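This document starts with one chain, in the form predicted on its own, laid out as structure tokens.
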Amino acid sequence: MHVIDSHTGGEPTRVILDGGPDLGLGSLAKRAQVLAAEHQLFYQSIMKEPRGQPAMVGALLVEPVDSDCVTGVIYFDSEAVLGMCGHGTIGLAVTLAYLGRIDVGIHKIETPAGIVEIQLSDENTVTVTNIESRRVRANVSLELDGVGTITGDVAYGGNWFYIIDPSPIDLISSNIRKLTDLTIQIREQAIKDGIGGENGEPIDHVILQSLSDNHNVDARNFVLCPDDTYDRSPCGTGSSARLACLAADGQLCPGVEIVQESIIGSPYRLSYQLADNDNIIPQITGQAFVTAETKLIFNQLDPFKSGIIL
């Protein structure tokens, strides 16, 4: 299996160029459902150790339905197939440029969540115009054993987020274990309480927000992903959901750019425009770097051919 690895703000992406399963020829949303329902061992074998690593996201290239798109892509981590992935789209764009499949300019990519636009400014810098994003519910509270009341917003940016601002724990790297444990507890309670999307979609990501001590940065975040690891980047879909909350509260005007940094200090530049409804159209600018071009080997005698699954 031919793959190319990259990282976006420290968050790894693995683009699968060949060797994927037959998902049929339906919409990307339907093909993503097939991948999730019938091919879990496929994506776990790529994402889990010993081949993969915590926080890695896979990007399976597929034929797009819309011929205006340079490719279709289905994203996943070791535990779930994703609707969309911002850092993965930046990494994919840089990978396509590395392969000579796209050049500097504007291109379209089809995802299960919809068509996104990318602008490749140079070999490492990409602006993603994401799908329409929205806040669904504001100031939703839940009770955590041993913690107390937590209040946050529910928002959609291609995945489903519960966003707490300000964070009850300082967003510093030495607190990553505490932040991880807290956000796992928050997500489990949110799912138990039925907190999620309008149609019952469960929360898959949790964001803790705070102001940044860096005078060149507007905010800092910690983002829990579906595989219970933290996002090394500021999370593109999470930043989109966050922009929707800022817009809904009148705290950020259309076209005004802010800088969001991750728990490890990697930045995205963010802005939005208004859609025709109450939704927003986010723009996320970040950088990615190719780190490896590799052939994955699956030996039938290998006891961990499908990954280490505990």
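Numbers follow the displayed sequence, beginning with 1. Computed from a prediction, not measured in an experiment: that's the story for all the values here.
The protein also exists as the form predicted together with a small molecule; that form is not presented, and the subsequent description refers to it.
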Only one of these stretches, 195-203, 110-118, 170-178, 229-237, has heavy atoms within 4.5 Å of the small molecule in the model of the complex; which one is it? 229-237
Does residue 86 reach the small molecule in the model of the complex if we count a contact as any heavy atom within 4.5 Å? yes
When the contact criterion is heavy atoms within 4.5 Å, does residue 133 count as touching the small molecule in the model of the complex? no
If we define contact as a non-hydrogen atom of the residue within 4.5 angstroms of the partner, is residue 74 a contact of the small molecule in the model of the complex? no
Even though the partner isn't displayed, in the model of the complex is residue 159 close enough to the small molecule, meaning a heavy atom within 4.5 Å? yes
Just give me the single entry in 207, 82, 154, 93 that has a non-hydrogen atom within 4.5 angstroms of the small molecule in the model of the complex. 82
Of 126, 186, 225, 163, which residue is found within 4.5 angstroms of the small molecule in the model of the complex when only non-hydrogen atoms are counted? 225
